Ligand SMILES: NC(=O)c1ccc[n+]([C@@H]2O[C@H](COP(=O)([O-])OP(=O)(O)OC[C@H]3O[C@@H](n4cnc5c(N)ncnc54)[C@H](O)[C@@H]3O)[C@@H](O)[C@H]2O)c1
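What follows is one chain in structure tokens, specifically the form predicted alone.
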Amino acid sequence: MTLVNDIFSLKGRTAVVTGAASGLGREFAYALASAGADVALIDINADGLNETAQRIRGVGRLAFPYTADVSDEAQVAATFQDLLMTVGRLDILINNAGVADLSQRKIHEYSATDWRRMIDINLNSVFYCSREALKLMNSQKSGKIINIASIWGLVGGGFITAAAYTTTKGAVVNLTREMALEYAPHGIQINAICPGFHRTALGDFDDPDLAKLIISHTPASRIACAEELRGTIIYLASSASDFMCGSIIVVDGGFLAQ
């Protein structure tokens, strides 16, 4: 087991997870800590952040909770500046923060306010956080950035989600590729995960009609648990993926294989 432990170990590394107060963000933070990383947690939900921090400390790792809005450029800059002063380095960034839109509104029904909000949270936050992280990683000549996109970043989501969401996730996919090309020569690997249907607060999966619709479109015939992405996040954060640059990993129960 020594080889496996060495490949996937995150001991001595510091990670940042956005949207860490609940859902996938909490699972990602726990997975990284379980693999040995200390974790900085960013979210607007202070109570949820503290719960996640307690879970991180429960596995013997350091947790640094930051209550901040990642769609606010100034708040992101201040948070990363404080992190640098506190920890001194950054090895892993998980751009997970995001909001969903299951309204199925058509383009002509969208307000500019709602459109900008989706772009600010789902796309601009990835740029703001990545930019700050890359300043540190570029000087270190090492680092991992993992962007959380969606299956709706690779196909249209007409039957269940609205255009603004698919637009932002598609942009995250291509931003991942562009950043990967820029920073691969500098020892930094940047990749993305496109999850399918996983149980989080972003969807009402207890709605029997919604659940039936999702399952009918998923070859695995079920909705996944958030915990099922732990292995993928550890893989991309660890040395096991050191030659992966600009890869888009789909975890969707076969949805996109159809």
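Throughout, we count residues from 1 along the sequence that is shown. This structure is a prediction, so every number in the text was calculated from the model and none was measured.
Missing here is the form predicted in complex with the named molecule; even so, the following discussion is about that form.
Comparing 77-85, 183-191, 94-102, 135-143 against the named molecule in the model of the complex, the single stretch with non-hydrogen atoms within 4.5 angstroms of it is 94-102. Within 4.5 Å of the named molecule in the model of the complex, a heavy atom is found for all three of Asn45, Phe197 and Ala201. Residue-level contacts in the model of the complex: of Ser130, Thr161, Ser71, Thr167, one residue has a heavy atom within 4.5 Å of the named molecule, and it is Ser71. When the named molecule is considered in the model of the complex, Ile121 lines it closely, a heavy atom lying within 4.5 Å.
Taking non-hydrogen atoms only, Gly23 approaches the named molecule to within 4.5 angstroms in the model of the complex. Contact annotation for Leu90: none of its heavy atoms lies within 4.5 Å of the named molecule in the model of the complex. Put simply, Ser150 is close to the named molecule in the model of the complex: some heavy atom of it is within 4.5 Å.
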